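Single chain ahead, written as structure tokens, the form predicted on its own.
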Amino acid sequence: MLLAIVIAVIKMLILFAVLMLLVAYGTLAERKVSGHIQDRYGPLYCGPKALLQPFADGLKLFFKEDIVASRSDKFLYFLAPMIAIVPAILAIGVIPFGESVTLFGRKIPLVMTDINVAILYLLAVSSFSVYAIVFGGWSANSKYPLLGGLRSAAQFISYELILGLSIMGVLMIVGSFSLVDIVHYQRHMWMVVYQPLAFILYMIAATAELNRLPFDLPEAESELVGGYHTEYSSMKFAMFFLGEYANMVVTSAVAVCLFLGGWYSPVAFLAWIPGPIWFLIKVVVIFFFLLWVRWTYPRFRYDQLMGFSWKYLLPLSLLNIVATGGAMLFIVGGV
């Protein structure tokens, strides 16, 4: 019993450290990628190849003056930044990143905990992130943050529906809510081959839930100054900032598990590469795609944002579910 607790604590610490490392260097990757896309230099001076830039940013934010809005609701004002990063930390506990390893005669699965309702757990946990934005926008008692918070609530409801419907086809085919079972099902063929439309819908909805361009209406610097976090500074702003990148990492990891074969190699002759390495490579590729999209497409108008979800993505999501059900009936029933 004691050994199991020790192993669980060690896995938790490793997962948290890896997540924070990916988040820190995700901010550097964002700035480097945006620089190359816009034909300019990104960070140059903090360490070799600017590898120490994330630490410089963290140090700067930690020592910046912490200004608190005088008329804010203090409890929710301080609570919102804490909530921002919690969903990502809770979500990594059910994401499998490899088969298992044997240490000292004991088989250790490379997942914090394999629960049979992992998908439902992820959907429930991800819903917390909107509270950070809504609380932050409302509690500051300022007009621009309030508008950002209201926009986020409507946007989240619209695209959370699309996100949930986009993975229904995967669940219908696999017949399990466990991420481990879903990855095992893709041992020979990735789910993106069976569900290409669902993968596209998932990536669009996930980008919208992350409030990334072209769906960053809750922030919209040209309209709302900074949106829901306008009245935040220092480490409270940093928590919002880190929460966005942590959720990007988790979203990428979930996409890899659902559609891209998890830790399995894309080709048989490269199967000798350890599963966790493949998993990390796929996560980095999806993460890079999210950066690429941000610095390529312009922002939607708000009416376009909502219309795109309800008029186009929702019918396509329902069509994918019907088509998947029909295909399964044809194959299983021999119709």
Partner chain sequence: MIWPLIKGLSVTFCHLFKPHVTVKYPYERREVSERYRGRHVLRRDEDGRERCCACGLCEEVCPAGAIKLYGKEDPEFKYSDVGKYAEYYAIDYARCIFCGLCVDACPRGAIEMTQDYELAVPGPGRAPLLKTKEWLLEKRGGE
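Positions refer to the first chain, counted from 1. None of these values were measured; they are calculated from a predicted model.
Keep in mind that the form predicted together with the partner chain is not shown, yet the notes after this line are about it.
Visitor: Based on heavy atom distances of 4.5 Å or less, which listed stretch (288-296, 53-61, 66-74, 262-270) is in contact with the partner chain in the predicted complex?
Guide: Stretch 288-296 is the one.
Visitor: Looking in the predicted complex, any heavy atom of Leu305 within 4.5 Å of the partner chain?
Guide: No - in the predicted complex, heavy atoms of Leu305 and the partner chain never come within 4.5 Å of each other.
Visitor: Can you tell me whether Arg301 touches the partner chain? I mean in the predicted complex, with a 4.5 angstroms heavy atom cut-off.
Guide: So Arg301 does not count as contacting the partner chain.
Visitor: Do Leu28 and the partner chain share at least one heavy atom pair within 4.5 Å in the predicted complex?
Guide: No, no contact at 4.5 Å.
Visitor: Please run the contact check for Tyr41 against the partner chain in the predicted complex: heavy atoms, 4.5 angstroms, yes or no?
Guide: Contact with the partner chain, yes.
Visitor: Decide yes or no: are Val33, His36 and Tyr45 jointly within 4.5 Å of the partner chain in the predicted complex, with each residue judged by its heavy atoms?
Guide: The answer is yes: all three residues contact the partner (heavy atom, 4.5 Å cut-off).
Visitor: Is any part of 139-178 within 4.5 angstroms of the partner chain in the predicted complex by a non-hydrogen atom, and which residues would that be?
Guide: Heavy-atom contacts within 4.5 Å come from no residue here.
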